[in-house]
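This document starts with one chain, in the form predicted alone, laid out as structure tokens.
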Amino acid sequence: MFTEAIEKILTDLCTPAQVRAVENGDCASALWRELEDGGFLELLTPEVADGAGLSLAAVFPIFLAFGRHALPLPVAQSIAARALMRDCPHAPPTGMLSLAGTAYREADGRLCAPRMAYGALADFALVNLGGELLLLDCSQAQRVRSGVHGSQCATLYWPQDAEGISLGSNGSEVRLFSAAIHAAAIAGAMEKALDMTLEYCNDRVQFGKAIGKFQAVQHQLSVMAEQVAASRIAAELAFASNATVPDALATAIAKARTSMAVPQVTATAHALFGAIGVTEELDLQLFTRRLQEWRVSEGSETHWNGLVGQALLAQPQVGASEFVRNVIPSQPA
């Protein structure tokens, strides 16, 4: 029910033209207000707190849809932030919340949140500072954009005397949730890129037939589809737990596998589109640019593969197949 409702809103309001407008500095207040007023920011909030009380598994298709529509707003991060603040006495602030999975103090005392997703737009940030969970007002921070065309990612610097609210010691959950969200967004955006590529290959005629009929093109499409399918399965794994926060090992596998697929999927899509594949007018770049950015957000495949490898080596008596099968323990019926 929620997925269908959000899909309709995104189809109507999150058009490629709207995404480009936001990237060029226009506000997206109508889209944000539609999602906020519809109560969609409270999907993971318990019912006793007037939320929808959805499970992680139920919210996964929604996060997938955000990636598939290149949603240029921190909606998934705001949903997760409210879940992370579940045990806090402070109510979530009004406005756009984003997540900073890793923050640190610089030598001069400033607090730095590097490459924060939607840092250029966020009103508030839920920050992991060495395990401490902090809520910070982004209006007090200096924002330094990434410099990538159209990106809403930014590094934020808060002064030493910035007034943040300490919410607890579950700061490490911020990075887990943020990484899982990025894995879902990658899977969704790659599905869209595959759909666009398939449609183009079926429509583009060369030498008297659609290029999708050529065996060499079919081979590339097959490999691309395999990468997309594997990424979706891995991303879904991160949300398969009954817990309130994605499982650490499942998230590591999800982020590693989806990030690993990005170079091949994006390169294949652009290659099959040919000369128009590099143009700004083609909607494909709205997704492939984000895929490259999300690939390294909260750590690339190198970081997360290292964590998976350490977990496997910590169980020398367990084979790789058994290790993967038991990433998420069986839940009681």
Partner chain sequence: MSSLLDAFRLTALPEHAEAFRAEVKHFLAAHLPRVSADVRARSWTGFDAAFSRELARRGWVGLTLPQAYGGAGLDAFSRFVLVEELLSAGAPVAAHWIADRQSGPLILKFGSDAQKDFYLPRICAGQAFFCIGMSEPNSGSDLASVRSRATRCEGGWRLSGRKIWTTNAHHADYMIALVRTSGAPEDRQSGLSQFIIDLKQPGISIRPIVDLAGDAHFSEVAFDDVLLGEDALVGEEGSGWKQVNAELAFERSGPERFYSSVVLLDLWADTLRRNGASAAETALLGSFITQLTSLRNLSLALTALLAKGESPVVEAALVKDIGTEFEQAIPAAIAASISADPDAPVDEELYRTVAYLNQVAPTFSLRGGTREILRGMIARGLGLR
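Positions refer to the first chain, counted from 1. Because the structure is a prediction, the values reported are computed rather than measured.
Absent from the display: the form predicted in complex with the partner chain. The rest refers to it.
Can you pick out, from Ser169, Ser222, Thr94, Gln160, the residue that has a heavy atom within 4.5 Å of the partner chain in the predicted bound form?
Answer to the contact question: Ser222.
Between Ala141, Leu133, Ala103, Val228, only one gets a heavy atom within 4.5 angstroms of the partner chain in the predicted bound form; which residue is that?
Checking each option against the partner chain in the predicted bound form, the one that comes within 4.5 Å is Val228.
Segment assignment from 171 to 179, 76 to 84, 248 to 256, 110 to 118: heavy atom within 4.5 Å of the partner chain in the predicted bound form
One stretch meets the cut-off, namely 248 to 256.
Does any heavy atom of Gly309 come within 4.5 Å of a heavy atom of the partner chain in the predicted bound form?
Yes, Gly309 sits close enough to the partner chain in the predicted bound form that at least one of its heavy atoms falls within 4.5 Å.
Is Lys213 part of the interface with the partner chain in the predicted bound form - any heavy atom within 4.5 Å?
Within the cut-off, so yes.
Answer for Thr268 alone: is it within 4.5 Å of the partner chain in the predicted bound form, judged on heavy atom distances?
Contact with the partner chain, no.
Is Asn24 close to the partner chain in the predicted bound form, meaning a heavy atom pair under 4.5 Å apart or at it?
Contact check for Asn24: no, nothing within 4.5 Å of the partner chain in the predicted bound form.
Only counting heavy atoms and a 4.5 Å limit, does any residue of 301 to 326 reach the partner chain in the predicted bound form, and if so which ones?
Stretch hits, in order: Thr302, Asn305, Gly306, Val308, Gly309, Gln310, Leu312, Leu313, Gln315, Pro316, Gln317, Val318, Gly319, Ala320, Ser321, Glu322, Phe323, Val324, Arg325.
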